[in-house]
Ligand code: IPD
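To begin, one chain is listed below as structure tokens, in the form predicted alone.
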């Protein structure tokens, strides 16, 4: 641990984050089961529901009450808390809203604790409709439903299982052909999407996950923490470790540099 952690107990913060996830799950899953929410569009044309807003409100209220000295950044309500704090909670109340509104169970609440120098050091990804929860904190390990996890040791693209999310962002930069070529070199290719593909990397089930272009910090922060603590790497498409970038690639680490090189335009 560096001096950045001298004033914080990550075990306590992880306990708090798991409690936040419980509170978020209770709200979001109730809406998902009943499918009785209002749906609207934000300025960027992305979908948003009552469940997104109410879930984030519950988590923000939790942080404001119990960690008033920390900063907060959420997808729906933006920045709040103490802007001068080196510690920031980054929240995506429902990652996979398009799935959520169609009754597809691949959605999750993402909660991360980020240090302004160290980056994401704690993450919780809770997917109640999948009956899955992943969590990790630096120095404490990474877990899926209480079982410790780590990335795979697959050493070649030819042996690798890969998940790719094609979108207009990749097409705009001329990257689609390189994605297809990389898929064709891999042993097996699928498109699990969103948080799930990265969690599959963290638990060693998938070796490479390539996300869409057009991401936001709240899409990446919790995912990056868990993948890294499980022994993998998480970067943008150029290989930069920065959760604020608009693209994300995770891998078991051994394949990362080759993937980045393969995708360069």
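Numbering follows the first chain given and starts at 1. Quantities reported herein were computed from a predicted structural model and do not represent experimental measurements.
Just so you know, the form predicted in complex with this ligand exists too; it's not on screen, but the next bit is about it.
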Identify whether this ligand in the predicted bound form is within 4.5 Å of every residue in the set 97, 211 and 219, based on non-hydrogen atoms. yes
Report yes if any heavy atom of residue 215 sits within 4.5 Å of a heavy atom of this ligand in the predicted bound form; otherwise report no. yes
Of these, 145-153, 171-179, 89-97, 129-137, which stretch puts a heavy atom within 4.5 angstroms of this ligand in the predicted bound form? 89-97
